Each structure stands twice: as structure tokens, then as C-alpha cells.
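Let's start with one chain on its own, the form predicted on its own, as C-alpha cells.
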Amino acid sequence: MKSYVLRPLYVVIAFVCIILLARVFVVPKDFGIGERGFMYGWHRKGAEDFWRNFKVKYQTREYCEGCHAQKYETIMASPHAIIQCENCHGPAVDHPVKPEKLTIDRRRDLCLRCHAYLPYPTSGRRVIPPINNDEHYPDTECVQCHNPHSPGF
């Protein structure tokens, strides 16, 4: 066989060898190892305890309902029922101990994440009333006129 045919083959073989050699040094020994030996997927046996002890930042709205039942009922009866409390109030990881009170994000940009005009007709977000950010009181925070827990007027 001619050398111009073998040269690309040698390059590919060398490249595969480099990848296999790098795998020995870079990939942890327990990567891809399960209870019954090798398994497919992105799993690292040694990281199970780390993830088991990892503290979840977001608690979901059911956690908020325990202390804020009245606000929970109000928002569940509003169009904002699809939004988790922590989207606006931030993660409730150790609330109410630390922090005692959550910070409320009142920025206009937060509201525009859902209320910006979306030109895609098949998107489910079309049911959310859009606002024109440049014309609809551009220098005013939305919460000055709208109550996020009951977003009508």
C-alpha cells in the first residue's frame, strides 16, 4: 500500500491512542462504574455521597405555602400561578432562618422575561399578554402599578 494512503491511517491511530492515554489520566477511576460493573451514562460512583449531601437551593412553592398560605392562595388564583415563588423572591435554601427575609427582585427585566413580545405563534407563551417595553412606562418598575401576586389592576 502506498504511504499516502497509510499516513492518514497512522494519524487516526495516533489520535485514538492519545485519547485513550488521556482518558487514563483525566477521567476518574470510578467514572461509569455502577453496582454491577461498567454502565453507560455520566455517572461517578464516588460522587454519590457528594450529591446526596448537596443542599438544594430551591424549595418549590409548596415550601412557601407553609408560612405564607394567604399569599399562596392569592397567587394560585391569578395568572401568575404558573410561576414559582422563588423566581421573584430568590432561592429559599435556609429561609426563614438564614436569610430571615428573602430579597424581592423588582426589576423590570424580571417581568419582561415572560411579558416581552414573542413573535412565535406556536409558543405557549403567546397566551401571556406582552408589553411594549419602549412605550409602556419604560422608566417605571412594573410592581409600582401591578401586584405580582394579583397582576390585574
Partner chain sequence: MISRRDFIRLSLLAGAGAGLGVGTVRAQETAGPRSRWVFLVDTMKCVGCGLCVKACKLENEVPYDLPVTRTWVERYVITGEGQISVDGKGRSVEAGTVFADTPMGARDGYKQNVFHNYTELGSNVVVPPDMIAKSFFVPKLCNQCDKPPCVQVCPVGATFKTADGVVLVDRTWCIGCGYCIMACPYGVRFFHPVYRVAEKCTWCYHRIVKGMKPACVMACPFEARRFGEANKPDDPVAQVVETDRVAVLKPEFGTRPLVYYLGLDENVR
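Remember, it's a predicted structure, so these values are computed and weren't measured experimentally. Here, rigid core means the biggest group of C-alpha atoms that superpose within 1.5 Å across both forms. Numbering follows the first chain given and starts at 1.
Here the subject shifts to the form predicted in complex with its partner chain, a form of this protein not shown in this document.
Put simply, residue 123 is close to its partner chain in the model of the complex: some heavy atom of it is within 4.5 Å. Mapping the unseen interface onto this chain, residue 99 falls outside it, with no heavy atom inside 4.5 Å of its partner chain in the model of the complex. Taking the partner from elsewhere, residue 119 is found to have a heavy atom lying within 4.5 Å of its partner chain in the model of the complex.
Mapping the unseen interface onto this chain, residue 56 counts among the residues with a heavy atom inside 4.5 Å of its partner chain in the model of the complex. Along 8 to 34, these residues reach a heavy atom to within 4.5 Å of its partner chain in the model of the complex: 26, 28, 31. Fitting the two forms on the rigid core leaves the C-alpha of residue 36 displaced by at least 2 angstroms between this form and the one not shown. Core-superposed comparison between this form and the one not shown: the C-alpha position of residue 145 differs by less than 2 Å. Here residue 54 does not count as shifted, since its C-alpha moves by less than 2 Å between this form and the one not shown after the core is aligned.
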